[in-house]
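Given as structure tokens, the chain that follows is alone and in the form predicted on its own.
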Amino acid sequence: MAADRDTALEALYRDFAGLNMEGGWHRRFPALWPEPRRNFLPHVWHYADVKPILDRAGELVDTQQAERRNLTMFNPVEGNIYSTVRTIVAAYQMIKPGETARAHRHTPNALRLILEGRGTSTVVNGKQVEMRPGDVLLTPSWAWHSHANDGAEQCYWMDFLDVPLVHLLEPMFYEPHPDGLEAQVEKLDEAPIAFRWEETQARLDAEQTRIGSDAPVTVELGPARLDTIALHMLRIAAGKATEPSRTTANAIYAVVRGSGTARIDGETLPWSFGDTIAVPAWRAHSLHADTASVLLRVSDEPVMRAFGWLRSEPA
């Protein structure tokens, strides 16, 4: 009887497998698990390694060949070829004096953190603002945007986009500007999309005064927002550290000032100015500052919160 039943089951499995179906009682791979899996890996990209490569690319690759001269950071998890963490991609970009990156627009939200160089500006939907070291600038979904370097210095920055999330959900649209650049441009000293380094420092100072001189402090950049990406600036005094925690939000940290180490799931990774730290979801982590440090945290918290999936706890 048992042999007959096994034969009948095998025939049953063949029949519905041929219809691209699977029985919920004998899945080859589970569809549910008790907590988020450890898929993407913690990793640090070092700006000191990247900058010379960008400089070489500047000698070999012009803006006709590459509208954006950037280096994308893909997570080293096996099989991944693009994303930095599950929902966000980060990249380093450089623009030389006299160069212009032509205007385009796309579904993904984007932002940039300026690392070095002055004299560069961005135009977003006809509004032009200067980009200075330490500044964070937003490019919301479907906004025309271009960049130009009218100064004497090469400008380096970090880009962050929710392209992997758009890939997953599939509403991707991209369009180059039909004229290359927007014709009507208004120059502004300040704009809602531009978070100035001086203003961020002042906000961090105020928060530090409120909670005390030794504790790490965090401020959220705003009031302008991106729908899918949250931005926080974190200050850690020399010799101090953040409390170990974990969250369902995927995060990337960018080092604006200082140096230290990231401790992620027992692994210790050093970081310094301009470095990029990938902290995938639900990884216990803390940041330890060797020198006075400021880091930008880029995360998908708004996405997790919108669906009721945002969970954080001490680790």
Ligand code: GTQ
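Not measured: the values here are computed from a predicted model. Residue numbers run from 1 along the displayed sequence.
Beyond what is shown, the protein has a form predicted in complex with 2,5-dihydroxybenzoic acid; the following relates to that form.
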Residue among A91, L226, M94, L137 with a heavy atom within 4.5 Å of 2,5-dihydroxybenzoic acid in the predicted bound form: A91
In the predicted bound form, the residue from K51, R263, R257, R68 that sits within 4.5 Å of 2,5-dihydroxybenzoic acid by heavy atoms: R68
Please name which of the stretches 185-193, 236-244, 139-147, 198-206 has residues with heavy atoms lying within 4.5 Å of 2,5-dihydroxybenzoic acid in the predicted bound form. 139-147
With the partner left out of view, is V129 within 4.5 angstroms of 2,5-dihydroxybenzoic acid in the predicted bound form by any non-hydrogen atom? no
With the partner left out here, check for me: in the predicted bound form, does some heavy atom of R86 sit within 4.5 Å of 2,5-dihydroxybenzoic acid? no
Report yes if any heavy atom of H104 sits within 4.5 Å of a heavy atom of 2,5-dihydroxybenzoic acid in the predicted bound form; otherwise report no. yes
Do L231 and 2,5-dihydroxybenzoic acid come within 4.5 Å of each other in the predicted bound form, heavy atoms counted? no
Let me know which residues along 148-172 have a heavy atom within 4.5 Å of 2,5-dihydroxybenzoic acid in the predicted bound form, or say none if there are none. D159, L161
